[in-house]
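Only one chain is given next, in structure tokens, and it is the form predicted alone.
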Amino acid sequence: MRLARAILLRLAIGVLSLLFISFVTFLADMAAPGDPAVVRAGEKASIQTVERIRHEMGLDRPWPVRYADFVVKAVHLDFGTSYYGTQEPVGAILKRDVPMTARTALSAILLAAIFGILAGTLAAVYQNRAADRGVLLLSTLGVTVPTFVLAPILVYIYCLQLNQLPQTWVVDRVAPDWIYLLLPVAVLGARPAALLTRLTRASMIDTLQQEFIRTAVAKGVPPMRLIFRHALRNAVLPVITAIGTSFGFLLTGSFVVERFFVLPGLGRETIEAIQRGDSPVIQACVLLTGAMFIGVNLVVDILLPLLDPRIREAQI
């Protein structure tokens, strides 16, 4: 029962966080230069036409009323229509772009988690040896090399020099989708993988020095069972928490990666909407990105008590 209350509390905090995000985005849009009514009417439109469109869009109402109207519509997943082109409904834009962002981000965090946990465990087991130094070198490079530097390097090597992978996403694809997503996922997951590697290494080194590990060694527990069932099971808990926070980096990093690799995702759509001042698309993309981040961290909060009986007993 107490665990259920804790989950409900986190949900309430998440809703308040989304309200704060939407409010800040709304104020930033108000302070931005440009008039949406002029954008929709065209620069050569008459003053009467602009005023009529401003009234139709509700821009002549006080901003608290407009914000309240935006929140009510957002609850019903109604974000209005785009200001540009065919004035496509924002819901249709999100429906088209979210699957690509979700697929790329989930693939990147899965790759980062698998590599980080395995490489960190290897480094901890062979502490201060060649394997440990090699893993630390790779993780240091992964942390220090920015995404916008790593992406051109990998494209130059694998696309231009070796000609093994496609450089960008295209509509008429001649290979499976995962071929086109391989480089974006690798670039996006590089930094989280490096962070999770270092965290797993530190946590495993601390766990391997605990008394229950010495007891298991004295009882003759096989090395592989000792490492993966006893040590890693206890050391991986802070890593799982870090996976949730790393997902936030993946969402923000996807803005650069999707733009660079021309992926039709939420990050690329947000950047293009900001460049052209498309307020409904900006507000919807930012709000949805925040909801995805909060949702992943909520899942992590639920998983931890299931994996660690000590946390579950403390909450109960």
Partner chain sequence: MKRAAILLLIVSCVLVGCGKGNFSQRATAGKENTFVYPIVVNPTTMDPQIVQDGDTIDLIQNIYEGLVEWGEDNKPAPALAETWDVKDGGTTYVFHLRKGAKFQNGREVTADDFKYTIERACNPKLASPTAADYLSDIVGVKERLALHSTTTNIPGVQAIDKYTLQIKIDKPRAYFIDKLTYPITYVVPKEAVDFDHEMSDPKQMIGAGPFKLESYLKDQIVILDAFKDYHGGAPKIDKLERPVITDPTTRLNKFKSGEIDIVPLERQDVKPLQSDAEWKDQLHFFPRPAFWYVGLNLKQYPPFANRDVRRAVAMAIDKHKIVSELLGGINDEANSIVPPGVDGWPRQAQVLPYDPAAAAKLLASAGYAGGKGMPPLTMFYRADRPDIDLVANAVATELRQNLGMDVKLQALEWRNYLDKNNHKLLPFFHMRWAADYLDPQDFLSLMLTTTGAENKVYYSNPQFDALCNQADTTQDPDQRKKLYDQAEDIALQDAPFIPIYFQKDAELINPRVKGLRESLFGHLPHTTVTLSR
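Residue numbers count along the first chain shown, from 1. Quick caveat, the model's predicted, so the values are computed rather than measured. Heads up, when I say rigid core I mean the largest set of C-alphas that superpose within 1.5 Å between the two forms.
Here the subject shifts to the form predicted in complex with the partner chain, a form of this protein not shown in this document.
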property	result
4.5 Å heavy atom contact, L288 and the partner chain in the model of the complex	no
Partner contact for T144 in the model of the complex: the partner chain, 4.5 angstroms, heavy atom	no
Any non-hydrogen atom of T49 within 4.5 angstroms of the partner chain in the model of the complex	yes
Any non-hydrogen atom of P280 within 4.5 angstroms of the partner chain in the model of the complex	no
In the model of the complex, segment of 101-109, 241-249, 190-198, 118-126 with a heavy atom within 4.5 Å of the partner chain	118-126
A218, V149, V174, V72 - the one with a heavy atom within 4.5 Å of the partner chain in the model of the complex	V174
Contacting member of L182, I205, L138, L237, with respect to the partner chain in the model of the complex [4.5 Å, heavy atom]	L138
4.5 Å heavy atom contact with the partner chain in the model of the complex for all of I53, I157 and V262	yes
In the model of the complex: members of 160-199 within 4.5 Å of the partner chain, any heavy atom	L160, Q161, L162, N163, Q164, L165, P166, Q167, T168, W169, V170, V171, D172, V174, A175, I179, Y180
Core superposition between this form and the one not shown, C-alpha change of A37 at least 2 Å	yes
